[in-house]
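Consider the single chain below, provided in structure tokens and representing the form predicted alone.
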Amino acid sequence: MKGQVIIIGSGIAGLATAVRLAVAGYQVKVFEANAYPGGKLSNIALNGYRFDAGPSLFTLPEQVNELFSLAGKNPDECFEYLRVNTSGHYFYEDGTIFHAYADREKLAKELQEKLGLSNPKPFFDYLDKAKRKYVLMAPIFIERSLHRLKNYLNFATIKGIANIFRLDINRSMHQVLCHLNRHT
């Protein structure tokens, strides 16, 4: 054993850190203020209904699988990932129900019918641009640790820096969306 580590909070980050440190040979103790683990990843059961109290989308299952693999466990014994047809349903006061379909054609039709967006192309252009940003930056900020100098000296980081002008870093989200609205 390398030593003892105390982690405050059993949210996703706390639990992931606990697994990594335990696998590295540390004795880990996790302290949580709530009566349940998971932090924001929780739910409320009321009158036979279940409500997500935190994130309603589960992204990056490969990160969860990696933690299980590090601990010598098979994630398939605990999880069954299912791709859903909609990422969410949005309910408006006027009675409109908007379904955020995963299928682009269905989503385009929903945008036109429910939200009156006559041309959904700028919306999809925005999503495509967001995807390009993610693909460009994920290897730097998600797939690597930022506390190691060697992780700054690689092709992914150089590519990210070379494409910095595409990241809208000098614009607020409001400015980006206003630019989108001017082109709809």
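Being a predicted model, the structure only gives us computed values, none of them experimental. Throughout, we count residues from 1 along the sequence that is shown.
Not on display, but discussed next: the form predicted in complex with a small molecule.
S.K.: Classify residue 39 as contacting or not contacting the small molecule in the predicted bound form by the rule of any non-hydrogen atom within 4.5 angstroms, answering yes or no.
M.R.: Residue 39: contacts the small molecule in the predicted bound form.
S.K.: Is residue 61 near the small molecule? Define near as a heavy atom within 4.5 Å, in the predicted bound form.
M.R.: Contact check for residue 61: no, nothing within 4.5 Å of the small molecule in the predicted bound form.
S.K.: Would residue 27 show up as a contact with the small molecule in the predicted bound form if we use heavy atoms at 4.5 Å?
M.R.: Close contact is absent here: in the predicted bound form, residue 27 is far from the small molecule, nothing within 4.5 Å, heavy atoms only.
S.K.: Flag residue 116 as yes or no: does it have a non-hydrogen atom within 4.5 angstroms of any non-hydrogen atom of the small molecule in the predicted bound form?
M.R.: Residue 116: no, not in contact with the small molecule in the predicted bound form.
S.K.: Identify which of 45, 149, 130, 57 has a heavy atom within 4.5 Å of the small molecule in the predicted bound form; exactly one of them does.
M.R.: Exactly one listed residue reaches within 4.5 Å, namely 57.
S.K.: Using a 4.5 Å cut on heavy atoms, which of 135, 33, 153, 142 is close to the small molecule in the predicted bound form?
M.R.: Only one listed residue qualifies here, and that residue is 33.
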